[in-house]
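One chain follows as structure tokens, the form predicted on its own.
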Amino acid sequence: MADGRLGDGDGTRVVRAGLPEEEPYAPPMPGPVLAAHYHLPGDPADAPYTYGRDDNPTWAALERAISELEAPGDEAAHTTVFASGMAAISAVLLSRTKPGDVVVLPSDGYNLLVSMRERLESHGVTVRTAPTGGDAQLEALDGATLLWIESPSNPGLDVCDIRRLVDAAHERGALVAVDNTLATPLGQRPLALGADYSVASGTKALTGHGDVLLGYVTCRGPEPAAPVRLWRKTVGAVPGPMETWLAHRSLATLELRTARQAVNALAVAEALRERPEVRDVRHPGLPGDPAHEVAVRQMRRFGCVVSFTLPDKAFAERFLAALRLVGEATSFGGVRSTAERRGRWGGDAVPEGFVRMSVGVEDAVDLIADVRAALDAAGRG
């Protein structure tokens, strides 16, 4: 190519993201650096690495990779990786607020936001909540310091107009963070839509194999990144080098995995819509879904999660027990399909028969057959 770049396709970008310059006889991706400290002569200010809680070459490689994927166009981005998604969420909400501030959260977001609300309020922060759908958070923005968006929302899969909310928040002097876990950087780039922070649990689709706990925060420049990185150092919410290396290794298949999952999820959602015992099937990629029109404008793919409601708790539990290809588990985004009845946890305002299903990379025809057979079995009692 004339500009020397290797290519801009998603598949090319994820395979190359964060890799060092090639060297003769060196591995294409260096192994994990296991170090609590480094040889440190002279002034620490001149050292790239000083202590294991501050930085690590393995973190730095993954942070470069995620920054390349989350960056808005040619603008640089800065990523900080964390030990978990909640560590990343906490870093933004607790490092960017102080007593007297006002934070706007989604009322239908990830259920641990309820605990986060309690924590913020105990620190003297006022918290307002509003649903994701219909851009309802707009009504709560006056006087806000920070707006937290989750789109698509978990577990209800509502979508809001991120650009519209960002513009309204910035007009009022508020920062905006977007939880991008469900979409991944290949499905949606919040920074390109104007957000200040893109936050995600790397535990889910980013790594995709159900074997890593990880989170990250990406922002536009070093200034907004500084308090987040200081928070990581202060509370010690650092990821292990092995987990970080596994996450970076998994990025190479992100495009393949998420593309297959998106196709499969849409096929499963369409099959569920045909069943009379199933209601309120939600997936942003479904034509006619309440979120579809907005999702088409701001998302490039619609994710792997499908939600739906079965007649009652007992029916949902019989359905889950009858599935053979779909495991019963609480996470999402993995290569193996999983599902669960969300009401068992509490904290989500969903019916007792509400099911969140994460669609994997199995053959769609097999998944659909499994779902249909499990619905038949649940209906027989």
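In this text, all values refer to a predicted model and were calculated from it rather than measured experimentally. In case it trips you up, residue 1 is the first one in the sequence shown, and so on.
There is another form of the same protein, the form predicted together with a small molecule; it is not shown, and what comes next is about it.
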- Report the stretch among 179-187, 222-230, 133-141, 68-76 that approaches the small molecule in the predicted bound form to within 4.5 Å, counting heavy atoms only. 179-187
- Query: Taking the shortest heavy atom distance, is residue 214 within 4.5 Å of the small molecule in the predicted bound form?
  - Reply: yes
- Task: Would you please decide whether residue 89 lies within 4.5 angstroms of the small molecule in the predicted bound form, comparing each non-hydrogen atom pair?
- Result: yes
- Could you confirm whether residue 84 comes within 4.5 Å of the small molecule in the predicted bound form, counting heavy atoms only? yes
- Message: Test of understanding: in the predicted bound form, would residue 245 fall inside 4.5 Å of the small molecule by heavy atoms?
- Response: no
- Message: So the small molecule isn't shown here. In the predicted bound form, which residue out of 250, 264, 203, 307 has a non-hydrogen atom within 4.5 Å of it?
- Response: 203
